[in-house]
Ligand SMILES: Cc1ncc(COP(=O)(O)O)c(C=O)c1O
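Quick heads-up: it's one chain on its own, the form predicted alone, in structure tokens.
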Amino acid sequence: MNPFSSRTPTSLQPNRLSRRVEELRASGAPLIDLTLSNPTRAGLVYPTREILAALDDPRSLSYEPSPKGLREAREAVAAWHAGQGAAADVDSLMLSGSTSEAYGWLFKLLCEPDDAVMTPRPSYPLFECLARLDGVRAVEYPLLEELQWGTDIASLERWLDPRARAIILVNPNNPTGTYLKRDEWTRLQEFAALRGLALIVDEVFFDYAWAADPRRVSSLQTPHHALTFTLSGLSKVAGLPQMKLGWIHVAGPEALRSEALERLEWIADSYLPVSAPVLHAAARWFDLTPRIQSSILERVFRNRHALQSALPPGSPWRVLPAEGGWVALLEAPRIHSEEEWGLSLLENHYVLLQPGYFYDFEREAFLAVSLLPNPGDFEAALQRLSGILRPD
């Protein structure tokens, strides 16, 4: 008998592209990785002394467990959101070790085994793994390209699983970089409330908009006809993935909101995952966040401009329109599949891009390009690809 849970994969073997990357790295090939998503490895300038000084707090030597998380840290989270124009209630915040952990808490809160959560397609392929680990099914619903990757209520209803308990949204979506709009948000609230569904909205990239747009809305903003959970964390907000702090904000009809918070507090009390040094340092890190975000956005803008400039008029390649985030989508000629393009660029030019199937696009051929790498490396990669991007 197999001793392992079916919630873990039957095979942990890397795919063909990943295997080839490992082989080339082992051989010393001069790879340029344009899938880099870790800001701490991207050569960004961080306020290092201030970040580390925030950890030097004698209060961290005392253990004072709080299921919701230290109030001072929750106040810092609320103040940050208020500064971004979206009010968050301190008493409606729960602190976790990460947004991934927060998803697990919410699946435990909302779902019985074999219930479903509706997840967007295309989007980052984390939801299926997290849901499976909690015995929950991730059922996809489509984001429509003709709606700039927005949610179509009729399509959502067609795909709605009979045992769905929640709808997951990513705002802005990763990798399409498209934001939730106010009219879309109102329709989703009405749809979810009518069917007794919760809304889980991941806003880790919300602060990285590339231009102002009055239509854009955070899920912290009303209406909240349905039970609504907004997720974010320091990993993206402050570019500090090593400082493990995520959070959940709970909104909705008062009776549901109050009971959800009580039950979440019970769940959180079983884990108490956030370390005291992180909790005590959080407020000071938020003070540093505008500087860090400015550095990241400057990098993103520079690399996106370089990518767009590398495609002359008439190029069979194009950069898809987007509104924010750290990723650009590059549409390749459909003479090859995404996997073939990825392998070809890797083998022939030593440039690693992420094929679109990683995000479950419905059609070919997309390649995701991280905009975080060092500009020197980014421009060197584009130079290697110039013969393909600028065909005669």
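If you're wondering where the values come from, they're calculated on a predicted model, not measured in any experiment. Each residue number is its position in the shown sequence, starting from 1.
One more form of this protein, predicted in complex with this ligand, exists but is not displayed; see below.
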Next on the checklist: Please tell me which of S92, N303, S218, N174 lies within 4.5 Å of this ligand in the model of the complex, judged by heavy atoms.
Outcome noted: N174
Next on the checklist: Between T99, T119, T151, T178, only one gets a heavy atom within 4.5 angstroms of this ligand in the model of the complex; which residue is that?
Outcome noted: T99
Item to check | Which of 191 to 199, 110 to 118, 234 to 242, 305 to 313 sits within 4.5 Å of this ligand in the model of the complex, heavy atom basis | outcome: 234 to 242
Next on the checklist: Contact with this ligand in the model of the complex for V170, defined as at least one heavy atom pair within 4.5 Å: yes or no?
Outcome noted: yes
Checklist entry - Does any heavy atom of L264 come within 4.5 Å of a heavy atom of this ligand in the model of the complex? => result no
Checklist entry - So in the model of the complex, does Y141 come within 4.5 Å of this ligand, heavy atom to heavy atom? => result no
Checklist entry - Quick one: does F206 come within 4.5 Å of this ligand in the model of the complex, counting heavy atoms only? => result no
Item to check | Residues in 120 to 157 close to this ligand in the model of the complex, defined by a heavy atom within 4.5 Å, in order | outcome: Y124
